[in-house]
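Take a look at this single chain, the form predicted on its own, given in structure tokens.
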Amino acid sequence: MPTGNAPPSVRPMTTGRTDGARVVRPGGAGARRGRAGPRAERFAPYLLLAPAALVIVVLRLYPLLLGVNFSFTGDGERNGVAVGLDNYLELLRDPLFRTALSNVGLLVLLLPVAVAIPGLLATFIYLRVPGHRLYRSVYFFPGVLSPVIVGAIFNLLLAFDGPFNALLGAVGIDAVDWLGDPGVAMFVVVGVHVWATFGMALVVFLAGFATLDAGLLDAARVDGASLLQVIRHVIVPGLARTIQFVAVTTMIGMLTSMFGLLYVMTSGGPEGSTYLPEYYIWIQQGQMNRPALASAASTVLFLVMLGVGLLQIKLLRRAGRED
């Protein structure tokens, strides 16, 4: 017992758990690990994207920059010598390259048709027209054929004495020189390209239909909307992003994937009317041995593709907002 006036000894109270478990106090190692966790989570996406970004930089961006730099050098006797904008000025003076650029404008004008065809076919398949399962396979089949094979087949079909002209003659129409008329040949090649490649766009549209709200279609049918009204007011707004994707990828395919058809069907003729920048680049590099000029044409093609793609996205977004 305490004696006198001495105060009793008081033991300090302990906070925390009393069962022997370790108590984590503010400022301790556990708290530091807790703060490091969110920081690691913030950097995790960049770490996962790093391999893909490295591949893009090494295999895409770096060669592109090398090509742009090479386009400012000369060919032949001036090989490796800086020539400034001489190659680009020569492109502007070359009638074949000007024809190639004008054909790019033609492709832009024909793009809505190239997008509408697989879009309408996907709509009919989605609405389950009779035989829709068969149509899905048939429409995709040309996509697995090589452009060389497709070109060879249509060379036979479109020959002046071929089956197409024979059908025209049977109904009293004069034969058409499909691949020899400068005013017709480019449309024919583009049509064959669309026929051979719209199967992939069809698959993309069908994937887009899987995200479409079926209740909106049912409501439109109940309200008595026609097929055209359903397409315009329900399907097109609902597939706005899908249409943007198909439009951009189709345009890129037209600018970069028609070489095989051009080489087999027309070889750039007649009179250079079916030249595209891609084919012009191959001529300058592979036959004329002018890699610097070909690099300049490649740079112009890249800028054209970039500008057309951005313009398409802007116009499609504006159309989507208006709808």
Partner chain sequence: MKTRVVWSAVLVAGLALTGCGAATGPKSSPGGEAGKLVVWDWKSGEASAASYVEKAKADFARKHPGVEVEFVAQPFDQYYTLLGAAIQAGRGPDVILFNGGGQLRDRVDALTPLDGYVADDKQRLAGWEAFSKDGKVYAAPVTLQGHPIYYNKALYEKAALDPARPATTWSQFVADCAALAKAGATCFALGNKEGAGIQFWLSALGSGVLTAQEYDAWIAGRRDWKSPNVRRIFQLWKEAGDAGLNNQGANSTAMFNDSFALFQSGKAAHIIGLMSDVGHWKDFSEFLTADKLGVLDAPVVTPGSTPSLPYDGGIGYGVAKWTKVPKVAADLVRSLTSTEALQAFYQAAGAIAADTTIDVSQGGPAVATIVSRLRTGKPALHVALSSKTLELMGRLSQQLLSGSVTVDEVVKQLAASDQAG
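Since the model is a prediction, treat every value here as computed from it, not as a measurement. Positions refer to the first chain, counted from 1. Under this definition, the rigid core comprises the largest set of C-alpha atoms superposing within 1.5 Å between the forms.
The same protein has a further form, the form predicted in complex with its partner chain, not shown here; the description that follows concerns it.
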Among 55, 92 and 260, does every residue place a heavy atom within 4.5 Å of its partner chain in the model of the complex?
-> no
Contact test in the model of the complex: residue 298 vs its partner chain, heavy atoms, 4.5 Å = no
Please run the contact check for residue 169 against its partner chain in the model of the complex: heavy atoms, 4.5 angstroms, yes or no?
-> no
Flag residue 160 as yes or no: does it have a non-hydrogen atom within 4.5 angstroms of any non-hydrogen atom of its partner chain in the model of the complex?
-> yes
Does residue 48 make contact with its partner chain in the model of the complex, using a 4.5 Å heavy atom cut-off?
-> no
Taking 4.5 Å between heavy atoms as the contact cutoff, choose which of 80, 131, 215, 112 touches its partner chain in the model of the complex.
-> 80
The single option of 209, 72, 164, 140 touching its partner chain in the model of the complex, heavy atom within 4.5 Å = 72
One stretch from 123-131, 232-240, 104-112, 80-88 that, in the model of the complex, holds residues within 4.5 Å of its partner chain by heavy atom | 80-88
Out of 274-288, which residues reach within 4.5 Å of its partner chain in the model of the complex, heavy atoms considered?
-> 275, 287, 288
Fitting the rigid core first, would the Cα of residue 197 be found 2 Å or more away between this form and the one not shown?
-> no
Core fit, then residue 296 C-alpha moves 2 Å or more between this form and the one not shown | yes
Taking the rigid core as the reference frame, is the Cα of residue 267 displaced by 2 Å or more between this form and the one not shown?
-> no
